[in-house]
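Below you will find one chain, with nothing else, as structure tokens; this is the form predicted alone, and questions on how it binds or moves follow later.
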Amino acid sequence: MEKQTDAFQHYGREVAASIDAVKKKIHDEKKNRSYIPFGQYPIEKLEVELEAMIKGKLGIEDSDFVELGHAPAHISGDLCFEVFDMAKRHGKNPAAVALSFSSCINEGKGNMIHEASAFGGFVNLVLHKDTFYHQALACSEALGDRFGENDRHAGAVVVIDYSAPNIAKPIGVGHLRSTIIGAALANLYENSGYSTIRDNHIGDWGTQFGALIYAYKTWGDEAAIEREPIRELKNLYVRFHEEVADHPEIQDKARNYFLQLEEKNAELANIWKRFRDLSLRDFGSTYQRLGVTFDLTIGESYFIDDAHRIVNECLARALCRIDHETGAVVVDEAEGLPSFLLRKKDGASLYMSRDIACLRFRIETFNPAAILYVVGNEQELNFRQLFSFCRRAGFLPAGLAVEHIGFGMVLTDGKKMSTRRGTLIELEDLLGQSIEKSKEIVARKGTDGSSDELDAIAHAIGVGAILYNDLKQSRVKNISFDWKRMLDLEGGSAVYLQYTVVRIHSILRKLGEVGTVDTYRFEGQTEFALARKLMMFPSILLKAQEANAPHHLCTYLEELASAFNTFYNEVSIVQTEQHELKTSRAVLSRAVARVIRRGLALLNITVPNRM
């Protein structure tokens, strides 16, 4: 077994290599990456044009106040925007502002707007169908798979901390939310021009490892660990907490083990490292199934020494104090937040001090514009304390945005899942059952293909259903875990979206090669409605990123698929005789499939070639 010092030196070299790789990635992206200007999208061009027409009217000089959306069903128009908030800020009557703005637009409406009208506090627009819709579809075709990208944050760096499971435990469904919300946000931020650092800050340090080491040394079965290492380690941890009820003294023994681990006891460090290596290997297979990747996997353990140095620095600067009764290091109440500890009375580091060290490391190493922590809502106070203290200490540079991206818990029987109570549902079990049920559905539908092809289809459907079931909901809400609902693939929205793409590709195969036309044109209201929905994709992606809300994208994709299926039920593309119209409809359908596929990819959901 390797020496403790060699183990930590090897760990340090691994981390240094991953940091160098991330720095190279950022350098290369800043030097070579090309960006799609957001201003080139027709919907954004139209918003800018509208603002130029009406800016200064009624003494209003706001910018970015036009946000176009679909006109309500009871209003005759293609698009509209509201003026309620703006009118309130300026003490104006919304109806009068809308009427004034519509008059300005009609005076200089250009080649995209046919007519503007006012309805209450709304400005409604009727578009020139031969110009605007052609531009929207032509833009989608020209950009292809890059349609929807934007340059709003070109060159900026963001660090996104997500997943962060604890070692020596299987990844449970409770970690599903952090993992997939974080992965979706990383994709959305990258789509907006950020150089995105995907950081898996694993929980590989803390008093629980003292408990696990005690359990391992007392009841550990090497043969069982060799067969199923992570499951057996979890069982040992559960057993420890069962034994505590009758033998509370073992908690002191566990705390002493962790203190020795902090002091880098060679024997205990090697046990800990073995648990860590086994865990990372197990995590890797789960992440591969989910299609989730990381640029960095650096645990809390990496920041122990820095945490102690920071505590000593803060003591010297009187930012914290030693409690004379306990010997613990305390940060007193400030800014309306309760006091908290930076170091235990026995000298061991705490999560807070290690997190401060990690935050400083990220700032000094990567110079990010933003750092996001995708962690459950129950940690809200912890992050408010972290950010408040780091601002007071001068650790946070001006202009750096740090944000806790909270989310609700996954509950079972109305309670939070717990490893120590043995109520944790393992994510691998959930994925396996979902994929098996998907195989049954594929078999019932009589899908042709080899065994490998059918397995791939079942995997895409099964994993997609689980991911989408979570991401389509607002992240701030608790989710009650329900096997039947999560595995109801035939009613799942992911399957609906995947099938819509497959259906479109089937139509396009029947059409053969899609030709080209000089001008895209349409006839029916359903195809105009579909084209209007399609052109909103770039704005929706930006909105989802800026609001840290992937469910906005899910809602849009469902609406787009619904608009396509309405169009599909009313129009036969194959039987359309006029060449220009047939080609326009085919190109529109292809663009819809591309957008749904790309939108799902941003959520880490794949689409099978057939279903």
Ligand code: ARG
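On a predicted model such as this, the values are computed, not experimentally measured, just so you know. Start at 1 with the first residue shown and count on from there.
Only in words, not in the display: the form predicted in complex with arginine (ARG), which the text now covers.
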*Hey, in the predicted bound form, does residue 379 get a heavy atom within 4.5 angstroms of arginine (ARG)?*
yes
_With a cut-off of 4.5 Å between heavy atoms, is residue 287 one of the residues that contacts arginine (ARG) in the predicted bound form?_
no
*Classify residue 220 as contacting or not contacting arginine (ARG) in the predicted bound form by the rule of any non-hydrogen atom within 4.5 angstroms, answering yes or no.*
no
_4.5 Å heavy atom contact, residue 375 and arginine (ARG) in the predicted bound form_ = yes
*in the predicted bound form, do 166, 351 and 383 all reach within 4.5 Å of arginine (ARG) through at least one heavy atom apiece?*
yes
*Among 470, 527, 161, 78, which has any heavy atom within 4.5 Å of arginine (ARG) in the predicted bound form?*
161
_Looking at 406, 94, 193, 203 here, can you tell me which has any non-hydrogen atom within 4.5 angstroms of arginine (ARG) in the predicted bound form?_
203
*Residues in which of 179-187, 517-525, 351-359, 239-247 have heavy atoms within 4.5 Å of arginine (ARG) in the predicted bound form?*
351-359
*Which residues, if any, of 287-313 lie within 4.5 Å of arginine (ARG) in the predicted bound form when only heavy atoms count?*
300
